[in-house]
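Below you will find one chain, with nothing else, as structure tokens; this is the form predicted alone, and questions on how it binds or moves follow later.
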């Protein structure tokens, strides 16, 4: 059985945050039509991709999936389990925003099959939340995490953003301190990045917002690694930290180059070296689903492309398994960069043991630069 992950995009959202570049809409008129289309797309893919596949994770992203009713999400889960072989212990994650769920709603999400929450908190500082145009305040964020734990969720992740304009090291450290005091098992900590087409990008171009420099960004990142590691959160990817046995199965499917299927607007799929993506526009997606073809584009990756992607994803996460790498691609590249690997190891950027090449915390701060040189 080939292990495969499934991603479901829920584009509906209450409003667009200034930094967000994911496809989302604030119009709920086509909720039911979208549900019908999603289930239809799942049935279509079942004909081509259900045989000899085991679904290890289902991830609802957005948008704001927690705005949906538990019944809406449950219908999609039921459609997947009816059409694919879903492992009994599959990880099923719902992206959740504070302010969109009550304790009862959380219990209802648990009852329809959600067993992991990814809560988009971003900050526990009210001024930072206002800047990011989030709909919640810090107290609501804390209450949401505690309500999730009280409702029966034992696998809870929170998202945080650092290096906001005017954010000091002390302010960021307080965000981390609050996080580790809560009943969570996973933290995703991302540096604020300017994405083209976002409101934030225009604010910076217009001179209304000034971003902080890369040195400050690196200092906050190093603080993140140190504080979380000291609080029993192991770093298993550039931006992700987990307590023991709580690494995100879905994210690891991407980073370990497993197959995945995406359903809904703007969703991407990757199967047997072929990648394709759906139309982003909800109206386009619904129209194309009438003819059973929501795909906007596709590409078949060359062996060289897959080689470089495999290395990049592995090195940015838990490390490169040399045996798995050589089974896929042979040993030519390993031999070619052996001297470079030894040099980076001597400088403390890499650890190489048990046939595994992995970044150290010091190496993670320069990972993109080092991977670029190695490739």
Partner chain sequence: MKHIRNFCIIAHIDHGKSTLADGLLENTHTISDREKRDQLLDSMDLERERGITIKSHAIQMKYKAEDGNLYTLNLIDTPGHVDFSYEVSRSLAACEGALLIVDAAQGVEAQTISNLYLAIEAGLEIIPVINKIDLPSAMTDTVKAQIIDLIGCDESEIILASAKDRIGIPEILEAIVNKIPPPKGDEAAPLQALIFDSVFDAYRGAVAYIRVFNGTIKEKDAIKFFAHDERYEAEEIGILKLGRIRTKELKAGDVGYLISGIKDVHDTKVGDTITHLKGGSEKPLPGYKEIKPMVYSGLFPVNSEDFEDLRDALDKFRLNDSSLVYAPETSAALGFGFRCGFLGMLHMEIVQERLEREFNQSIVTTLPNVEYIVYTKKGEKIIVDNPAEMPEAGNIDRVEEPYVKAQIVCPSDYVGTVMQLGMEKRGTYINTTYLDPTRADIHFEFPLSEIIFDFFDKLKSLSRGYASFDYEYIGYRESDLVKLDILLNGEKVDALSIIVHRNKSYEWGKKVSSKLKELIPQHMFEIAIQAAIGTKVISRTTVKALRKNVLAKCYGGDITRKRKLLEKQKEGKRRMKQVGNVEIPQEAFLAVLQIED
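Just so we're clear, the structure is a prediction, and the values are computed from it rather than from any experiment. Numbering follows the first chain given and starts at 1.
There is also a form predicted together with the partner chain; it is not shown, and the following applies to it.
A.B. asks: In terms of non-hydrogen atoms within 4.5 angstroms, which of the given stretches 302-310, 45-53, 32-40, 322-330 touches the partner chain in the predicted complex?
C.D. replies: In the other structure, the partner sits against 302-310.
A.B. asks: Only one of 138, 198, 147, 191 gets a heavy atom within 4.5 Å of the partner chain in the predicted complex. Which one?
C.D. replies: Checking each option against the partner chain in the predicted complex, the one that comes within 4.5 Å is 191.
A.B. asks: 278, 123, 240, 155: which sits within 4.5 Å of the partner chain in the predicted complex by any heavy atom?
C.D. replies: Of the listed residues, the single hit is 240.
A.B. asks: Would you say all of 69, 74 and 263 touch the partner chain in the predicted complex, counting a heavy atom within 4.5 Å as a touch?
C.D. replies: Per the other structure, none of 69, 74 and 263 touch the partner chain.
A.B. asks: Do residue 23 and the partner chain come within 4.5 Å of each other in the predicted complex, heavy atoms counted?
C.D. replies: No, no contact at 4.5 Å.
A.B. asks: At 4.5 Å between heavy atoms, is residue 97 in contact with the partner chain in the predicted complex?
C.D. replies: Outside the cut-off, so no.
A.B. asks: Would residue 365 sit within 4.5 Å of the partner chain in the predicted complex, counting heavy atoms only?
C.D. replies: Yes, residue 365 is a contact residue.
A.B. asks: Do residue 89 and the partner chain share at least one heavy atom pair within 4.5 Å in the predicted complex?
C.D. replies: Residue 89: no, not in contact with the partner chain in the predicted complex.
A.B. asks: Which residues, if any, of 351-375 lie within 4.5 Å of the partner chain in the predicted complex when only heavy atoms count?
C.D. replies: If the 4.5 Å heavy-atom criterion is applied to the partner chain in the predicted complex, 351-375 yields 364, 365, 366, 367, 368, 369, 370, 371, 372, 373, 375.
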